[in-house]
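Shown next as structure tokens: one chain only, the form predicted on its own.
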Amino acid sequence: MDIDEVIKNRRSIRKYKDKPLTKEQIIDILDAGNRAPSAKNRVQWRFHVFQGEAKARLVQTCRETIEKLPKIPLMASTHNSYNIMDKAPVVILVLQTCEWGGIGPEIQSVSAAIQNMLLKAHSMGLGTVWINDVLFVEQAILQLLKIKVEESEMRSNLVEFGEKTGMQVGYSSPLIAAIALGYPDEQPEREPRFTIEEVTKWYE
């Protein structure tokens, strides 16, 4: 399958067959992510792969935590997202290293890694969907992973730089997204929402 075909035909898959993936398949997809470009070549992505009972505990943590939170309209899709994670044979949590604080290079690197994984999975006949609803329950997930954000000299320097220059510098959080992964049990059809003309301005 050539790259143009992969890019044009990949779709978000929300229904999966009850069919396990091999470790080799998952490693191939992780390897594609690990080959993405990264800011300053610092490789800011970290992958956490959940299957079986571990995935069930992750989903249960998401469901129990979301029920305790105040409700806002953006949270309307959370239960559906957690159901997708429950049914998919594999869930990959993608985190960033957070060295840079809130100025953006890390999340750009990690997003490139995620896109590589989505395209690689499609080229292998597998389905994926990029899930952001895990961000509502980030603290519970970080506790599950036993991850604590540590202060770093780089973060401190960037905050000080922001204070001196007026640049907006915050503190990035580690969790970026979840990827549900498995054999697709649907074939959604969708063309791009906007044309190239609608999303592009040319300057000459």
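Quick note: we count residues from 1 along the sequence shown, nothing fancier. All values derive from a computational prediction rather than experimental measurement.
Beyond what is shown, the protein has a form predicted in complex with a small molecule; the following relates to that form.
Novice: Judged by heavy atoms and a 4.5 Å cut-off, are Gln44, Trp100 and Ser173 together in contact with the small molecule in the predicted complex?
Specialist: Checking in the predicted complex: none of Gln44, Trp100 and Ser173 is within 4.5 Å of the small molecule.
Novice: Should Val90 be classed as touching the small molecule in the predicted complex when contacts are defined as heavy atoms within 4.5 Å?
Specialist: Val90: no, not in contact with the small molecule in the predicted complex.
Novice: Please run the contact check for Glu191 against the small molecule in the predicted complex: heavy atoms, 4.5 angstroms, yes or no?
Specialist: Result yes; Glu191 sits at the interface with the small molecule in the predicted complex.
Novice: For Arg10, is any heavy atom within 4.5 Å of the small molecule in the predicted complex, or not?
Specialist: So Arg10 counts as contacting the small molecule.
Novice: My question is simply whether Asn132 lines the interface with the small molecule in the predicted complex - judged by any non-hydrogen atom within 4.5 Å.
Specialist: Flag for Asn132 set to yes.
Novice: Which residue among Gln96, Ser123, Asn116, Ser81 has a heavy atom within 4.5 angstroms of the small molecule in the predicted complex?
Specialist: Contact with the small molecule in the predicted complex is made by Ser81 alone.
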